[in-house]
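In the form predicted alone, a lone chain appears below as structure tokens.
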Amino acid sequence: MSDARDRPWTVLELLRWTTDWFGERGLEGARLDAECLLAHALGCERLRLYLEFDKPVSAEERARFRELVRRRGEERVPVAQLTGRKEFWSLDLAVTPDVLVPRPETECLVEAVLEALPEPEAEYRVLELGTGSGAIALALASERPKALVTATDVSAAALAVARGNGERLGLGDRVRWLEGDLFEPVAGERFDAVVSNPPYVAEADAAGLAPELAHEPRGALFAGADGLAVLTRIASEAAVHLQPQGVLALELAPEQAPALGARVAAAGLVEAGVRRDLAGRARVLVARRAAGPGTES
């Protein structure tokens, strides 16, 4: 593309060239990345490209696209950060370098909570810890319209992104956004469900991670030597914030499921099981606060 900047380029030609260039650099989903970036540069929906394969792309549009392609291929910046958008649970979310880019596997976490809270019109009290972009809290608010959803995050910048997403999606008055570390902002409160996709990557694994993760907030990724530091804190503190029979749902790395299950049991919660993602890997641990004789309500 850089050797022929002055000649006309069509949408299809740009997509083919960029897909090949991304592929040479080992990027998975090269064609999808190319389409998302070109649609962003042209200011249109991605599917619109298929109706305009033969449309010439102006020099100004190509310049915008070229810079996006360079940053994706050379700096390995995630597409969502280049476009500022990511879809999650069919919600169009704004993302910035202050928040973790929502992942498709995290939808398993939303599914687990919805199964645990099956009544669509019930006034459930739901708490999300470490909300980031607000993806999980907003997905739950959209599916349980009468639920009282609270979301906390230690990062004021992340909460600003989440709050903005809520307002733009018309869900702003459905979620209470609170700044603070995990349960701190909700001391003394109890919920029907506590849900979190906390940092769970082990520090020792940093060198082997995809280079894209270097562009995401470190505090949202890493959690001590084994990655269990934050998960263990949540498990140990959850019981006092759950109603009897209240559910705790946590995203984790597949290899962490046995160790976290033991910590959950030690904290007095009943492990209900592990939910697997579409690849068949353990992805979400679900547990409940017991409800029996002598249980404080």
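Here the structure is a predicted model, which is why all the values come from computation and not from measurement. In this text, residue numbers run from 1 along the sequence as written.
The discussion below concerns the form predicted in complex with a small molecule, not included here.
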Consider the chain as shown here, without its partner, and state which of 141, 112, 100, 82 has a heavy atom within 4.5 Å of the small molecule in the model of the complex.
100
The single option of 73, 224, 172, 199 touching the small molecule in the model of the complex, heavy atom within 4.5 Å:
199
Quick one: is residue 165 in contact with the small molecule in the model of the complex, heavy atoms, 4.5 Å cut-off?
no
Even though the partner isn't displayed, in the model of the complex is residue 233 close enough to the small molecule, meaning a heavy atom within 4.5 Å?
yes
Would residue 92 count as a contact of the small molecule in the model of the complex, using a 4.5 angstroms cut-off between non-hydrogen atoms?
no
How about residue 154 - does it come within 4.5 Å of the small molecule in the model of the complex, if we only consider non-hydrogen atoms?
yes
Please pick out the stretch from 132-140, 207-215, 186-194, 115-123 that is in contact with the small molecule in the model of the complex, where contact means heavy atoms within 4.5 Å.
132-140
